[in-house]
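One chain comes next, on its own, written as C-alpha cells: the form predicted on its own.
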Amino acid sequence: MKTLHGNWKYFCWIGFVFVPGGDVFAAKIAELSNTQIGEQLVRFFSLRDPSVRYAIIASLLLGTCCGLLGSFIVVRKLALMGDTLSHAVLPGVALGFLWTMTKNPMAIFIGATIAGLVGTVVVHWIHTTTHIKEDSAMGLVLSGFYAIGICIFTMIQHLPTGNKAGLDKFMFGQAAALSTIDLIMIAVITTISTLLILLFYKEFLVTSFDYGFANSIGMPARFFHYLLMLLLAFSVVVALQAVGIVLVSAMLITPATTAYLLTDRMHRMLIYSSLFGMLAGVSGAFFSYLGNSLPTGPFMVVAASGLFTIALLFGNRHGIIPRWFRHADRTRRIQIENTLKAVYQIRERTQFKEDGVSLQQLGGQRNLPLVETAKEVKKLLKERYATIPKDKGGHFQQNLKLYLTPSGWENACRIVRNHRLWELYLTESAHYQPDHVHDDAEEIEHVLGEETVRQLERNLNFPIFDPHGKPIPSIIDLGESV
C-alpha cells in the first residue's frame, strides 16, 4: 500500500479484491476506465495483466466443458436440466458461505454440488413417483430451490459483512474475480469431464439416443445418466463465478444448439460445440474488458447467442437463408421440368413427327398465358435446354417454334419416365386405382434418383407402358431419341 502512497481510495477505484491464497486480481477485467481503446486492445492481447490471463484461461476451459456436456443435454432433450441445476445450486452457494463466513471456493463448491445433486434426485423422485412430467418436475425444483437460495442470500446481506462478501458475482458472473483455486477447480472439472466423455463415448452416445436399447443390451444406462448429471452439476458449480447462476445454462445450451444446426454427427457436434463455447467465452471476456468494467457472463451469453444467430441464418444444413435459396432453386427446377414434360406431351400427341412446339401450344398445355409461357421458355433457354428464334425486335411470338436441345430432350424423357414408372408402381405394388395415381406421381417425379428409377424398372420387369397405356421412355429409347 505504501507503494501507492497509502491511498486506499486508489485501491477501491481500480476495484482490487483479495482472494484466498494471497492472490490479488482486479475484480473487473477492465481495470483502467480512462485508457484509450487502442491501449486496451494492446493490454488485452498482450496478456500482461493477470486478470486477463485468468479470465481467458477460465473462459476457454468453461467453453470446452460446457460445450461437451451441453451437447449430450441437447440431444437428450434435457435442456431445462441445465437451467434447473444452475438455479438449484444457489442455496448450496449460500450455505457454503455460511459454513466458513468467507467466500471460500472449496466450501462453496461442496455446498453447491450437494445442492445440485439433491435437486437432480428430487426431479427424478417427482417424475417417477407421480404423474408429473419431467419438464414440470424440473420447473418445480428450479423455482423452489431458487426461492430458497434468494431467501438465504437476503439473510446474508443483513449480516455485518454480507454486503462485502462478493456473492453478487455468482448471480451474473465475473471472470476477473476468479482466484487461483477457482481456476484449478475449473481445470480439474474440465479435464475429468473430457476424459470421461472420451473413455465412455460409446456408452454416452447409446444412452443419449436410445435409452431403451441401452438397457436391452445390458448397458448400465441409469449409471451413465447419473454420471452425466454429476458432471453437469460439477460444470455448473465451477462456472458460477465466471458466468453466473442466471446465465450458466445458456453457456451449456447455446453452443450445443449452434453445433446442432451445423451437423448431424455427434463427434462433430462435440467438437463444434466446444469451439463455439471457447469462442463465446473469450469474446465475452474481450468485450467485457472493453466495456468499462461490465460483467463477463452476459457478454459471453451475448457472444454465444450471436454465433447461434449466424448459424441459424447462414448454416449450410438448417440455415434460413440457404434453405430459402434451396427452396427457390427447387421451385425453379420443378417449373423447368414441368415445362419439359409439357413439350414431351405435345410432341407425343403428334407421334413425335413435329420437332418444334409453338408457344401457343406450350401455353395451352401448361395452362399459362403467353407472358408466363415466355418466362418459362426463357428459363429453358438459360439452361440451354431449348432454342427458339425471335422476331427482329427480340420478342417471342405465338407462332414461333421451340426446339429442345439434346440435354433438354433427355431431361424431358427422364421426368416423363419417372412419372409413368411411379404410376405403374402404385397401381401394381400399392394397388392404387389408375385414376388416383396422377397427383402422387406429379409430386414424386421430381425427387426420384436414377438408382431408384432403375430399381423400379427391375422390380416392374422393365415395363413398356404405364397404367393408362402410354409408353414409358426407357434409357435405350432416350439415347436413340437424342
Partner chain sequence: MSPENSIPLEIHDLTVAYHKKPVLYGVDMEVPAGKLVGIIGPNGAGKSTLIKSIMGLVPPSSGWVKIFGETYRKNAKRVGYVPQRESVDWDFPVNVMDVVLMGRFGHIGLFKRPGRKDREIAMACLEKVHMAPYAKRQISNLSGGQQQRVFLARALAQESDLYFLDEPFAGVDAATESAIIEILTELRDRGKTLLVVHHDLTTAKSYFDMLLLLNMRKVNFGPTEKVYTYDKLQKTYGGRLTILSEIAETRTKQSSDIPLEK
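Owing to the predicted nature of the structure, the values given are computational and were not obtained by experimental measurement. Residue numbers count along the first chain shown, from 1.
What comes next is about the form predicted in complex with the partner chain, which is not displayed.
- Contact with the partner chain in the model of the complex, defined as any heavy atom within 4.5 Å, is confined among 263-271, 350-358, 89-97, 373-381 to 263-271.
- Every residue of the trio E203, D210 and M219 has some heavy atom no more than 4.5 Å from the partner chain in the model of the complex.
- Among the residues N104, N215, S136, S305, the one placing a heavy atom within 4.5 Å of the partner chain in the model of the complex is N215.
- When you look in the model of the complex, the only residue of T309, T154, T128, N316 with a non-hydrogen atom within 4.5 Å of the partner chain is T128.
- Using a 4.5 Å cutoff between non-hydrogen atoms, L198 counts as a contact of the partner chain in the model of the complex.
- Looking at V75, you'd find a heavy atom of it within 4.5 angstroms of the partner chain in the model of the complex.
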